[in-house]
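There is one chain below, alone, in structure tokens, taken in the form predicted on its own.
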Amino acid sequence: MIEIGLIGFGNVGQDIYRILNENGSLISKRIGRPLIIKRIAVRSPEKYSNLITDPSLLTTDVNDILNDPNISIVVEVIGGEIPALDYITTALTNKKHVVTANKEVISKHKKHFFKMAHTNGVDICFEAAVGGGIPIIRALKVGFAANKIKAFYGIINGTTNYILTKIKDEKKEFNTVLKQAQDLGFAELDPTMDISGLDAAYKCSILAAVAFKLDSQVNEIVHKGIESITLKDLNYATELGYAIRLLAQGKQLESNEFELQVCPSLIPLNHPLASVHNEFNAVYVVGDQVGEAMLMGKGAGGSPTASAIISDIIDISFGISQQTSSRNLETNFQDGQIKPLNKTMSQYYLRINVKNEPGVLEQVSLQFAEQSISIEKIIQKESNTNIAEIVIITNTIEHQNFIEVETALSNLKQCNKVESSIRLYKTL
């Protein structure tokens, strides 16, 4: 039999245990051997003893898993960098395969883990680290293996997608919907990592490693969250023919240069990504042979995440059973440079609050003209007798030029405030 050690027994760990019990015979037939959980490491066994048929599986000593010669696969579902880094490193050193859903530790230490796994003749799999139940990692490694991946665009944070969907559909403001998401369990009590874009930046780094073989770190990926997105922005975007989503973007450019960033983006309403709502995730991939393809599914939750973890367990177990070599291990990274944000090209959406007086639109237009920026679309609406709103979509410009015109508008005496600025989705 193939024995598994499970580190952590929260929602995801409990769903792994449940699925292996419910579908165990089916999974064992596929693998050719029985697959069992031998040990579960937890802090407080009494908290979980009523959730499993055999409480003796529970242990407070993680070394009961890491040093057990009969355990072939270690599954880490505690999250965070420390102590997960030490647990995974020890497991690989002890020649155990590792499966993890931990986006932070994989993003930061992927090169170290891949080298260790290769040296010790084992594998480390992390399908659940990006996109929940969506098999995007396996698709990039195996399904699209004949392609040079040119770009990916991902809605890979369910919390932010849920919030943006509900703000628009229920006509509520950000804080109201955030509280609703927390009450339903779609957002953490401290949602900072999600709404700031940091969670998606970790995942963007992992996708770049698999798609481009690039060892990027999260501090190299410019990320902007959804805190400033309002119902007004979402309504104006619809009027202009767009939806707003938090998008993780990776592009492979010429001369081994890459663009990696996470930011709210305007996406044309007829694009498949614009139809991704609520807590669903999707990754849109552009390959040189397959063209454009999109995978979509539930991006969070115990059951979808556990499903992805068990798919990795099955893949490793099949290799053990059939004595085949690992196919998932990434060992080679290429040298590459991430293009500075100021040099990237995009169109931009701007919403500005101005004085409602003659000549204002002319002065606003002049700021764009002085930067040699043309305007693709413009909407002007009166809020009251003293204030008007102007919404502008620019042509494609360098980010540095956009910053300069945004600064010029902020300093314009007729402008009360630049309320919002959002990039537009743009393919290669």
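For every residue, the number given is its place in the sequence shown, counted from 1. Fair warning: this is a prediction, and the values are worked out from it, not measured in the lab.
What comes next is about the form predicted together with a small molecule, which does not appear here.
Every residue in the set 157, 186 and 199 has a non-hydrogen atom no more than 4.5 Å from the small molecule in the predicted bound form. Look at 289-297, 89-97, 218-226, 186-194: in the predicted bound form, residues with non-hydrogen atoms within 4.5 angstroms of the small molecule sit in 186-194. Taking the partner from the other structure, the small molecule in the predicted bound form has a heavy atom within 4.5 Å of a heavy atom of residue 203. Shown alone here, residue 245 lies farther than 4.5 Å from the small molecule in the predicted bound form, counting heavy atoms only.
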